[in-house]
Every structure is written in structure tokens, then in C-alpha cells.
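As a starting point, one isolated chain is supplied in C-alpha cells, in the form predicted on its own.
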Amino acid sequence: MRSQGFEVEPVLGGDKAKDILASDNFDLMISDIRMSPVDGIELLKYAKSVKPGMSAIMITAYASVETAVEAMKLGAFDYVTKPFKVDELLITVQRALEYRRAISENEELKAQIQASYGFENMVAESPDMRKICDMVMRVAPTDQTVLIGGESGTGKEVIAKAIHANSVRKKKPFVPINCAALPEQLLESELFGHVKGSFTGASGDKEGLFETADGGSIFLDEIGSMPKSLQGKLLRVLQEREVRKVGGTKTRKIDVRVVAASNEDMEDMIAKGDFREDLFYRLSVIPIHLSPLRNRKEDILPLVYHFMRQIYQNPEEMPTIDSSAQVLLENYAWPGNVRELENAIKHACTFVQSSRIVAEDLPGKIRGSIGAGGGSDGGSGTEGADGFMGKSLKAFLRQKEAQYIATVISYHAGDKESAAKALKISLATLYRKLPEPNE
């Protein structure tokens, strides 16, 4: 295998193979069947559970129809009987790897298609986002008020736009406003309008955004930042369906669907006295909560291709994602959520030098988050390339592995059992890979 250019990891026994399979990535496993204490069939079952995309070739000197059928049912690509010719084995290996490559490319294409055919700007492969899409489709045709919760950058405005775009109001205005971006007096004027002379600088009558949105939808982002004095006025608008301009005496009836959003815990704000409970219940007739991107990793790759299609006008110029970059993207915690992912892809598309985006094209913060190397931001952030000079490849990989394990344990607040599950290794393997106290 090595003479043909393959990178090979020999393992003595099925039990040791299970540890390595759980902690590393392989394209192909070639295994004997008659082994002890873990035989090849048991190892194949385990391999398919932890590495379902990996190809497997089984070898045995005791060939039988039953053995072949069982191996193929469990997902083996093929099986070879002893004695065998090396050239024949190499042909089987090439076929297995070509099959795996075709499957991988098909998954990549599937991710691109999924990013194309959701709602206009929604990508929904994860169970959480599929539920959100179902809610949007059910809620959009109604006139119910919606409150969208979730961390900053999760895409609350995208959901609000999808609700409007799939409603009977879609031909009327969609008017967004960030309640945290304006001081109290200016926010009141923006929302409800003002009459000439109502305050310094009011040189003429001004229509408010509720009037602008008449017949359509208004999106009140960061609603938790709205001053208490304005919350009562907004409550009256929702109850009476009418607005009165600042400094005015007349009211005007409006027909507006309200969608609000907040990245804060609204019930906690109510308990602290920062938000009116009656307004909260008026806004949250239909509550929708968006999960952070770190909890819906199935959406990451489709989102990547979604953003790249927005960047590249010509689809033929759009790069693919190298496996090294894909691993980083899928394992990064994304504190900035979808917005941070979008910025990362813009960065990668700016610096990509070939037809594939590789790890080095991603922002240093992402590469450094799991010790993936690359300049001053790689690894622990304190060791540059010179710090690895003179080290063997195994020593380098061992150090990088230790950095990644430490990062994952830290992310799980020191809970090693949770970290082991995230790493897809046994707890015993995790402890074995941890450095000794004096190291």
C-alpha cells in the first residue's frame, strides 16, 4: 500500500483498531475476519457506526457464502479470500476509494442543492431548522404576532422576512427597525411619526414606520432594548390597531403585522422589571426560538455553499470545500453564529488560491480554535512554525491532538464524559490520551 502512495496505519487486533477508528479519519479499512477477542465482523459493525462514510474490505481464509453475505449486509465494499494476488487487492482498493469519493461528492452536491431550494434565504437541513421552517409555513398565512428568540447572529431577521414573504402581505412593505440603535425620543418618532414643532428639530410632519408598513409587516428587532416608557405606547398600538404621532392629537387606524425579535431572555427581563409582562404576552402569541449554529452542524455546509453562491456570479468559478477546511468549519463553536460563518466564507473566498478552499484560507481564529496550525493564531497562539522544527511528524500530531482535546474539554466545562462523546471516542481512550501531570 505504501509503495502505491497510500498513507497506512497498521493495527494489531480489532480492539486496538476500535480505538484508532474513534479518534482519527480514514478513507478505507482493510481487515481480517478471524481475530480475537474482537473479530472482523464485530469490528466492521463498530466501524460503520463511527465512520459510516468509510469503505471497508474484509479478508478471510475461510470464505463462505454466509460470511460474504453478512459482511456485505453490514456495509463492506467487498471481501477478499486468502491467498490473494497483490495486484487484485490493489484493484479492489482503488474501486473502494473511487466509490467513497463518489459518495463524498454526492453529499457535497446534496449540500449545495439543499442550500438552493429552501425558503429564499433559509437553509434547513438540521432537525431544529426543519421544525422552524414548518412553523414559518404554518404561521405565515395568519396575522398572529410572532416573537423570535435566539442568540445574536442566528438569523432572526431572515425568519421574519420568510414569514412576510410567505404571507398574504408579501406585496406590501416589510419594514425593519433595530430598537437598540436609536435613543428613546428618536425611536418614538421613527415608530409613530411626529408633527411639526413637537420637539426641537421637528421642522415638518413625519410619517412613522407603522404607517409606512400599513398593509404589510414591521419587524421590531432587539425589542428588549425598548425603553419602558415606549413599551406602554407599543402595547396600545397592538391593542387598538391605531397610532398617534408624537405631539399630535389625532389617531390613525393601521393594518400591520408585528414580528419582534430579541437575543435576551425576555422572561428574565420581566422578572427584573425591565420589560412589561402584558406586552410580552401580546408579542409572543407565536414564539419561535432559533438554536445557535453550534447545535445544528448539519446546516453548516449547506450555509457555506449558500453564501458562496451569493459571492460568485458564475457557478463555475465557485470553489469546493477541502476536507481539512470542512473539519474546521464543522467543529468550530461559532459564537457569532450564522453571521460569523458568512464573514468566514467571505474571508476564505478572498484568500483562496485554487479551486478548493483549504484550512489555510479560513480566518486564524477558526484555525486556532482547535489547534489546526497556521501562523500566530494557530495552536495555543504562542508557538510559531519555528517551535515545531526538529520534531517528528508523530510528535507534532500528538501535540496538536492534545491541544484539540484540551479545547474540547474546556468547551464542555471540564466534563470529560461529554468531551469524549463530542470527540466520538470512549472515555477510557480520552483518559489515555490526556498528558501526564508532569508533562
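Sequential numbering from 1, following the sequence displayed. Being a predicted model, the structure only gives us computed values, none of them experimental.
The same protein also exists as the form predicted together with a small molecule; that form is not shown, yet it is the one meant from here on.
The small molecule in the model of the complex: contacting segment from 267-275, 135-143, 237-245, 338-346, heavy atom within 4.5 Å | Stretch 338-346 is the one.
Contact residue in the model of the complex, chosen from Ser189, Thr154, Asn331, Ser217 - any heavy atom within 4.5 Å of the small molecule = Going through each option in turn, the one that passes is Thr154.
Of these, Ala325, Val123, Val304, Met226, which has a heavy atom no more than 4.5 Å from the small molecule in the model of the complex?
-> The residue in contact is Val123.
Find out whether any non-hydrogen atom of Asn263 is located within 4.5 angstroms of the small molecule in the model of the complex, and reply yes or no.
-> Yes, Asn263 sits close enough to the small molecule in the model of the complex that at least one of its heavy atoms falls within 4.5 Å.
Contact flag, Ala165 vs the small molecule in the model of the complex, heavy atom cut 4.5 Å = Heavy-atom contact with the small molecule at 4.5 Å: absent for Ala165.
Any of the heavy atoms of Val285 lying within 4.5 Å of the small molecule in the model of the complex?
-> Val285: no contact with the small molecule in the model of the complex.
Mark Val158 yes when one of its heavy atoms lies within 4.5 Å of a heavy atom of the small molecule in the model of the complex, and no otherwise.
-> Flag for Val158 set to yes.
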